[in-house]
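Taking the form predicted on its own, here's one chain by itself in structure tokens.
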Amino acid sequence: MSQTVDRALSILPLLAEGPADLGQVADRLGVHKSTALRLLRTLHEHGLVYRQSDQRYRLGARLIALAQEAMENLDIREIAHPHLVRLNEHCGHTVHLAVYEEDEVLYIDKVESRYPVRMYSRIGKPVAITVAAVAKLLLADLSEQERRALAEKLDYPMYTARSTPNPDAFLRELAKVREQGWATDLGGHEESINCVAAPIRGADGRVVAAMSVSAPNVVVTADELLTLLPLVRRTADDISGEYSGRNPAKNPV
């Protein structure tokens, strides 16, 4: 990389920490003030930095707008899919990706199990919101007020004896999931199906999607599936890192 470009780009993380004057920028870069001023002027011309009335520099509105536009155009499914495939190749079980939209949790991607027993879930289909592990993660990230309002208006069908029975139980489960950072559905929707899930977070730390691994009891027991939780969480963290721009793409397994 050009030394000039490298120095100019090095200014942006500095200003992300807060406004800085010319001397501070020059000291951080290890250059003369005239060199730092030339770099700052170029960045200012492109709207990437802004010179305040106190002569200190901060990040410019153009940079913030570009970052926002980039985030809005990111496709979480496109980013996550290779990771989901590799996880499926590693464990062999069904892998799902889900998001929360307009009071529904929807599957937006699925990688089928390599075993003969298949799940009936479909891309674009809403999940059983009161019991699904991915739903618990997505809803647990809502504010307390939002969680309570949602819990009060949901129905609580008893799919199995392990289904969530009422709003109080649902809120307790969401609080638990919020604290531990992962979720399960152990026979809550179907007696014979177990699931472990982990959150995918954006640059601001908020949960933008959730991924899960599901399998029937005839393939693995619930305890055996739970041993995959560290791998599921690591995969979700890798997707989070790539989606937020913190980490480059890499093989999660």
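Bear in mind that the values here come from a model prediction, so they are computed numbers and not experimental data. Residue numbers run from 1 along the displayed sequence. Note that the rigid core is defined as the largest set of C-alphas that superpose within 1.5 Å between two forms.
Not on display, but discussed next: the form predicted together with the DNA.
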Inset, instruction - Could you work out which of 66, 226, 186, 31 is the residue within 4.5 angstroms of the DNA in the predicted complex, going by heavy atoms? - result: 31
Inset, instruction - Report yes if all three of 100, 108 and 126 come within 4.5 Å of the DNA in the predicted complex by some heavy atom, otherwise no. - result: no
Inset, instruction - Decide whether residue 35 counts as a contact residue for the DNA in the predicted complex under a heavy atom distance cut-off of 4.5 Å. - result: yes
Inset, instruction - Using the partner position in the predicted complex, report whether residue 206 sits within 4.5 Å of the DNA, counting heavy atoms only. - result: no
Inset, instruction - Answer yes if any heavy atom of residue 192 is within 4.5 Å of a heavy atom of the DNA in the predicted complex; otherwise answer no. - result: no
Inset, instruction - Indicate whether the DNA has at least one heavy atom within 4.5 Å of a heavy atom of residue 55 in the predicted complex. - result: yes
Inset, instruction - Report the stretch among 36-44, 218-226, 58-66, 196-204 that approaches the DNA in the predicted complex to within 4.5 Å, counting heavy atoms only. - result: 36-44
Inset, instruction - Would you give me the residues of 9-23 that have any heavy atom within 4.5 Å of the DNA in the predicted complex, in order from first to last? - result: 21, 22, 23
Inset, instruction - Could you tell me whether the Cα atom of residue 237 shifts by at least 2 Å between this form and the one not shown after core superposition? - result: no
